[in-house]
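In what follows, one protein chain appears twice in different forms, each by itself as structure tokens: structure 1 and structure 2.
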Structure 1
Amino acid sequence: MDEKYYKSIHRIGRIGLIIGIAFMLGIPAVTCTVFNVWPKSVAEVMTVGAGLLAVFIPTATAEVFAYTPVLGSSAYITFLTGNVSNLKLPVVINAQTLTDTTQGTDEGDTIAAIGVAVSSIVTTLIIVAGVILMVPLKPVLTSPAVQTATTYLLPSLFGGIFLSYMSEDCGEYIAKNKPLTIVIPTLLVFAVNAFYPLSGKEGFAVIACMALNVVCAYALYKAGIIKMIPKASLKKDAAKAAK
């Protein structure tokens, strides 16, 4: 892809993140100034926020390292608009699967950017519609059926991500036996959680599993268990077999 395009994407992305951070910190600062409700000390803020920081700092760090290779240049708008693991990531994976593009390629990066942009626009429109229709739809949204259905929303999204990961289709290649890479990390998480509950430490567990997953994938690839087979060669073999 054109280097000029990448430079422009990084420049626009950084400017957008700076503006977003300015709004996130600026609005509370203005509110505290107007109503004179500034915290008494930094220690007080850290005491109140320590529990949240302990959870979200490792989780956010893990998401950046884990998802950026998939998201590509769309990572800027993804992390700015949020809903990464439960919305943006499934959108990107599904879009790349439907278009038969590979992560890390120019085509895959373009598809990811389009998918995240459209998802962000649709999400914004839905939020606007939700605000307008919140009162008329309150009886429906608070009904027991809807409340029960929402509890299955996040598991269903992660189930879709898991199924896409189990697929050996990697765009231009077929990664034979790819699902084997998650066997050891999965067993290790269950074993550790049985003796040392990981609740509240999910971010650290994700980072550890990422590193272990890479090691397992490399070891299985070097052992010849995982094989990267170009789709072009499979099509040629199929054409020869048909003749």
Structure 2
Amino acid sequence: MDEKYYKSIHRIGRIGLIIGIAFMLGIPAVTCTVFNVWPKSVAEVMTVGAGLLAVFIPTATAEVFAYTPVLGSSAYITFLTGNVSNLKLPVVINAQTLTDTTQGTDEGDTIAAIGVAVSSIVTTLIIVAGVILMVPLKPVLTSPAVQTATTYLLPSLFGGIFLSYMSEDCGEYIAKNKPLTIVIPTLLVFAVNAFYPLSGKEGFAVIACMALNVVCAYALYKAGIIKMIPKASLKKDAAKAAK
């Protein structure tokens, strides 16, 4: 990757993040000062905060490690603008698949930045519209049909991504036998879940499954079972065959 671009994009990302975080923390701080209302004790806030952190840190860690190779430098704006796994990440996967770019390359990074940026802008505008039109929208959004549809939005999203990820298409490559990766982790999850229910421990389960999947994929790749064939070479072969 071009060193100058790499340095500048990370510098911009970091500065932007620091400013963003400062503004976010500024909201409760300024509110306290203006209204002269303060939390009862710092200790209480910290105790409550620690309880929440214990729940959210594993998921946050898993997200950062898993998403960064895909997002590259656009991880800065992805985590800053939020709605990561339910919106930004599918956006990037979709945009990279669409343009046949690979995660972790200059092109993949650029497409990720464009996807996340456009998605953040669109979502913010939709939410603004939602906030302004709250009164007329409320009956529609709380209608049983919309309620049911949105209840099943996440499974639809996971299904759409998960099953299409099972195909052998893989950025600039065709990954032969890729779906075999999940056989062992799947069996193991079912086995563990039968004796030790994983409900409520999803954060840890996600990290464990990701690690296990990577080990399986690496082993299958090294054993030559997963084969990576560059699409460019396939196109060349097809062109040769046509001649």
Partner chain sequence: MSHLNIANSTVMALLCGFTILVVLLQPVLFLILGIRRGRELGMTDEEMREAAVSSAVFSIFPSLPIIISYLILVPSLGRYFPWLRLSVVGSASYETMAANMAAEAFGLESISVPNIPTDIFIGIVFVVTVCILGGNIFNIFFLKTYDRKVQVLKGKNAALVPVITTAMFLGMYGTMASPYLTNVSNYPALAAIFGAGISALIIGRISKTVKGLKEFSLALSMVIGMLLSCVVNQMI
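Residue indices: 1-based, along structure 1. Here the rigid core means the biggest group of C-alpha atoms that line up within 1.5 Å when the two forms are laid on top of each other. Keep in mind that what you see is a predicted model, and the values were worked out from it rather than measured.
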Notebook entry, point to check: Given structures 1 and 2, which represents the form predicted on its own?
Noted result: 1
Item checked: Rigid-core frame, C-alpha of residue 65, shift of 2 angstroms or more between structures 1 and 2 -> no
Notebook entry, point to check: Once everything's superposed on the core, is residue 56 shifted 2 Å or more at the Cα between structures 1 and 2?
Noted result: no
Checklist line | Large Cα shift (2 Å or above) at residue 228 between structures 1 and 2, core-fitted | finding: no
Item checked: Following rigid core superposition, Cα shift of residue 33 between structures 1 and 2 in Å -> 4.2
Next item on the list: Report, to one decimal in Å, how far the Cα of residue 47 moves between structures 1 and 2 once the rigid core is superposed.
Entry: 4.0
